[in-house]
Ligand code: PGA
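The chain below stands alone and is given in structure tokens; this is the form predicted on its own.
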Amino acid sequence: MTNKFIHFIANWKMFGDINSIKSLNKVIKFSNIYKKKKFSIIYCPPYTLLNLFSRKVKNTRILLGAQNCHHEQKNSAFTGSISAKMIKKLGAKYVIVGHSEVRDAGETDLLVNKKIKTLIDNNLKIILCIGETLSQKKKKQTFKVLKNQISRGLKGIKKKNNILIAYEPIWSIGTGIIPKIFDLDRKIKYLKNFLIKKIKIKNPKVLYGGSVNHKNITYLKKIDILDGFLIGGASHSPKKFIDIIKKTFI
């Protein structure tokens, strides 16, 4: 894994305030020291912090992403929503779509598909989240669920080079439970094979998310086929986030 380019995505979810901007100082310093290493750091803070983060990471190697967006292109009467165009103007380069917490609130594969089309039209890169529930896992439906989420989410999408696939087993998110190496390796290989043969992505990038922290990263990095990690709570702490990156390359 240390010889390939690795993505480290910090999904802050509903966390952070104006004082949180200080936590970037250590990460920026670290990224400058290790600038020869092949990795990207992408912060996805709440909408309320996008503008502050954008100013802070300007002229650094750290990139900015949003946690979601509305599927409509034009600004209109959608109270509480934010468009891809607005996100882009704030300096973001990436947007997370299809996260299980959003899907759980009613987001369908059709909506995910519409959002991806909107993001591509605005030249934004996509982090597409997929994953199965514990019930689906027990019923041995994992591969079917993942295949459907990808196929429906990317239906009719022609420009696929700027799409990162983040595999997040729902039963692992926030639980501290992570898949066994053999099982996770098998799933990532399946996903890459499916993306190459069926979705026609020549060099698919697949990341893992779900209770990733500074303690289990040494275990997770054994899966050489992975292209990075989507990190939740552990990314709030600059020390823990930096530890995750360091341990990936040691």
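Because the structure is predicted, anything quoted here is derived from the model rather than measured. In case it trips you up, residue 1 is the first one in the sequence shown, and so on.
Form predicted together with ligand PGA: not shown, discussed below.
A.B. asks: Report the stretch among 149 to 157, 133 to 141, 172 to 180, 80 to 88 that approaches ligand PGA in the predicted bound form to within 4.5 Å, counting heavy atoms only.
C.D. replies: Going through the listed ranges, the match is 172 to 180.
A.B. asks: Is Pro45 close to ligand PGA in the predicted bound form, meaning a heavy atom pair under 4.5 Å apart or at it?
C.D. replies: Pro45: no contact with ligand PGA in the predicted bound form.
A.B. asks: Taking ligand PGA as it sits in the predicted bound form, is Lys13 in contact with it (heavy atom to heavy atom, 4.5 Å or less)?
C.D. replies: Yes, Lys13 lies within 4.5 Å of ligand PGA in the predicted bound form.
A.B. asks: Though only this chain appears here, would Pro238 touch ligand PGA in the predicted bound form if you measure heavy atom gaps against 4.5 Å?
C.D. replies: So Pro238 does not count as contacting ligand PGA.
A.B. asks: Is Gly65 close to ligand PGA in the predicted bound form, meaning a heavy atom pair under 4.5 Å apart or at it?
C.D. replies: Result no; Gly65 lies far from ligand PGA in the predicted bound form.
A.B. asks: Scan 72 to 111 and note down the residues that get a heavy atom within 4.5 Å of ligand PGA in the predicted bound form; none is a fine answer too.
C.D. replies: Contacting residues: His99, Glu101.
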